[in-house]
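Just one chain is shown here, as structure tokens, and it is the form predicted on its own.
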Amino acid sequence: MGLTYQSAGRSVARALFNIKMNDHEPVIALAGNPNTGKSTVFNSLTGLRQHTGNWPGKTVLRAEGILIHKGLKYKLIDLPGTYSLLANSADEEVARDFICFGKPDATVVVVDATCLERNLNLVLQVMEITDKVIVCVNLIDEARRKKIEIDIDKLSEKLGLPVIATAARSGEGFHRLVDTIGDVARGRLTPKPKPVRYTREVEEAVARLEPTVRNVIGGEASARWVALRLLDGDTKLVQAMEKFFGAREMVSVMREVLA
């Protein structure tokens, strides 16, 4: 069905994000709502081994750095703080496109332990795009001060993801966090996110559309997630697929689905 992401190659998509490829440096995305301490987590993981600039074609600030753990290097990309991946703003578009098309080897979603329910919305959206998700429940020290108790093991079980409690300012939980990043990025640990289920009508529509989507895009993106976005009339996703996949035939099919 024309040129797919698989034939174009991951390196082509990453080149569009100005990411220099190095087979020995897995790429880790850091996502999260604003005010979750995500920047503090990034700074703690990378130290002074970082630099900033703008995302290609955007006025959105970009930061990337190097995490060194057990003698191995990981390239960390700090995504813009965002509440959603529905691409209603430049920040959301950058975050969504990188997680979907940049194909990070792991995505760490930083959430605020003091307002966990609100932050989990982003976690659920990310885990619909990729399996390689780690949840970093940050500000756990603030939660304790407010007498908020979080059952980390139960949360991990419910999501099907590794969940790590941290306090970025003190470094609490960081040894376990970087161990988990290494395990997921290098394939030693495979998260198994629990699927988000919608109403019967939506699920039936997804079931009808998903095979067509999978036939067009192959296995390099979540056919279920793409189907959900198409059912929502997400024309920006089609534009992004045209940019990163470069597949006119595929985009033509997607536009027919939206029509």
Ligand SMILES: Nc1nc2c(ncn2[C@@H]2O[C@H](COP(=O)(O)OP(=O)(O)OP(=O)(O)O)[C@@H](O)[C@H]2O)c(=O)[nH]1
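Numbering starts at 1 and runs along the sequence shown. Everything quoted here is computed from the prediction, not taken from an experiment.
The next section is about a form of this same protein that is not shown, the form predicted together with the ligand.
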Answer range among 95-103, 181-189, 119-127, 163-171 for contact with the ligand, defined in the predicted bound form as heavy atoms within 4.5 Å: 163-171
In the predicted bound form, the residue from Pro195, Gly219, Gly233, Pro34 that sits within 4.5 Å of the ligand by heavy atoms: Pro34
Although the ligand is absent from this view, report whether Ile134 comes within 4.5 Å of it in the predicted bound form, heavy atoms only. no
Quick one: is Thr40 in contact with the ligand in the predicted bound form, heavy atoms, 4.5 Å cut-off? yes
Within a 4.5 Å heavy atom cut-off, is Ile77 in contact with the ligand in the predicted bound form? no
Residue contact check: Asn138 to the ligand in the predicted bound form, 4.5 Å heavy atom: yes
Relative to the ligand in the predicted bound form, which residues of 78-113 have a heavy atom no more than 4.5 Å away? Gly81
